[in-house]
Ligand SMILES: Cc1ncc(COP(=O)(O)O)c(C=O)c1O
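Taking the form predicted on its own, here's one chain by itself in structure tokens.
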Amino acid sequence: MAESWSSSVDAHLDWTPGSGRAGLAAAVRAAIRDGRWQPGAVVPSTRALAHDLDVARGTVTRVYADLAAEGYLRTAQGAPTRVATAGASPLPAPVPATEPAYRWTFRPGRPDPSLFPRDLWLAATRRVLSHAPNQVFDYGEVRGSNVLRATLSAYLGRARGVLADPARIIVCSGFNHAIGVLGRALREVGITETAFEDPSIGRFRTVASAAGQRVVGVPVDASGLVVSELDSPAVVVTPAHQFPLGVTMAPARRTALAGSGAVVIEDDYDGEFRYDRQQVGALQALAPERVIYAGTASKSLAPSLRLAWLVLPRSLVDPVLAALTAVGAQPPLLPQLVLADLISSGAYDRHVRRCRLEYRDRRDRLVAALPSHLTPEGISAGLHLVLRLPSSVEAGLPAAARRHSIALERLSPMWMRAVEEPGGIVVGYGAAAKNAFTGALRAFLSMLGELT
């Protein structure tokens, strides 16, 4: 009985050796009809397919010519042979999105992707590749690039007042990854309850819970986290610009939190973007052996880079490394080296300053255009502000946003407990592309007029 071949090196074909030209042509037709060879795709060269299937090249050449005449393949002088659309099965219909596509976006916590410094990133990549050793393309260090950690040590001390040496810095694949790793590491040292600010981002609470932490809430007021109500051995805070309310933790609260005895995870998610007052330094400097500093490139560069970092107390370095090894998913080494080059060359600082000016201008335009009966909160920093609305008005927000094709987020779902607080909108003015912000703002104001 003849053996049935299911593939060659470059192509998957159900073909039986010895079936001749007709058998090979039938196998290629079947591959095209089934969608395994998709419309427009380059097919193996006649030489490569003949070699892989151990047949004469002339046989493959004649099969391709026949199928081109039948409309299955498309040939052109000097160009590779491709699958034509004729005779091919249509691709499966795309799976519907869980939510409709929106024309405008005011989602919080997102930077403008059009501001990503492509030219600077490309130039830094070229510099890195021209000097990098071959080991760059091997598996990297679990704790992250030595070069990036040394660079971050200097940068964080200068820009954010963080006390860190490279041995205490761990590079992670975004803050989600960092929270999961920390949850496991804390569990291994006997901490199984982590408090979060109330309100806060539910996604991070879910990640901590999945990592084995019991999650509880601590209220936030105009001075930040109410430290007197903290009764957990660990807590996640956003002291420079509380998310979502936008308040800055008062000095007395910062001192109290640093001396509380809890392990503090400081999420400095948008520390580079402060507009109306002197820069607020990191809480970590008050108690470097109790505070874990977490930073990220998601707001300053792009979320898709998946680059974040932790500055750890010495006692947690080994537990976090063990958890990181168990969890895996470290970021690739090459982007780490590119980021290090951007920072050390000064290009990163210049880019952040340009973005700061752009986002401040957007904030000013948004605040100036708001109806007089709405008072924005949390406007001194970051990429978002909060508009409080009666709960009855907030309830109509999703439908109004759909009518105006606007993606945004309500305040109410971010609370952990039932509260008497009014509802509202967490308005992310950084997310829209630069050339689309005017149109997005016009649509947003129209929606507000309809609601209020």
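Bear in mind that the values here come from a model prediction, so they are computed numbers and not experimental data. All residue numbers are counted from 1 along the displayed sequence.
The same protein also has a form predicted in complex with the ligand, omitted here; what follows describes it.
Colleague: Although the partner isn't part of this model, could you tell me whether Arg354 comes within 4.5 Å of the ligand in the predicted bound form, counting any heavy atom of the residue?
Modeller: Heavy-atom contact with the ligand at 4.5 Å: absent for Arg354.
Colleague: Give a yes or no for Arg306: in the predicted bound form, does one of its heavy atoms lie within 4.5 Å of a heavy atom belonging to the ligand?
Modeller: It does: once the ligand is placed as it appears in the predicted bound form, Arg306 has a heavy atom within 4.5 Å of it.
Colleague: Taking heavy atoms only, is Asn176 within 4.5 angstroms of the ligand in the predicted bound form?
Modeller: Yes.
Colleague: Examine Thr296 and determine whether its closest non-hydrogen atom to the ligand in the predicted bound form is within 4.5 angstroms.
Modeller: Result yes; Thr296 sits at the interface with the ligand in the predicted bound form.
Colleague: Suppose contact means a heavy atom within 4.5 Å; in the predicted bound form, does that hold for all of Phe273, Arg360 and Gly378 with the ligand?
Modeller: The answer is no: none of the three residues contacts the partner (heavy atom, 4.5 Å cut-off).
Colleague: Counting any heavy atom within 4.5 Å as contact, can you tell me which stretch out of 220-228, 114-122, 197-205, 330-338 lines the ligand in the predicted bound form?
Modeller: Among the listed stretches, the partner-contacting one is 197-205.
Colleague: What is the one choice in Tyr72, Phe243, Tyr348, Phe106 with a heavy atom within 4.5 Å of the ligand in the predicted bound form?
Modeller: By the 4.5 Å criterion, the partner-contacting residue is Phe243.
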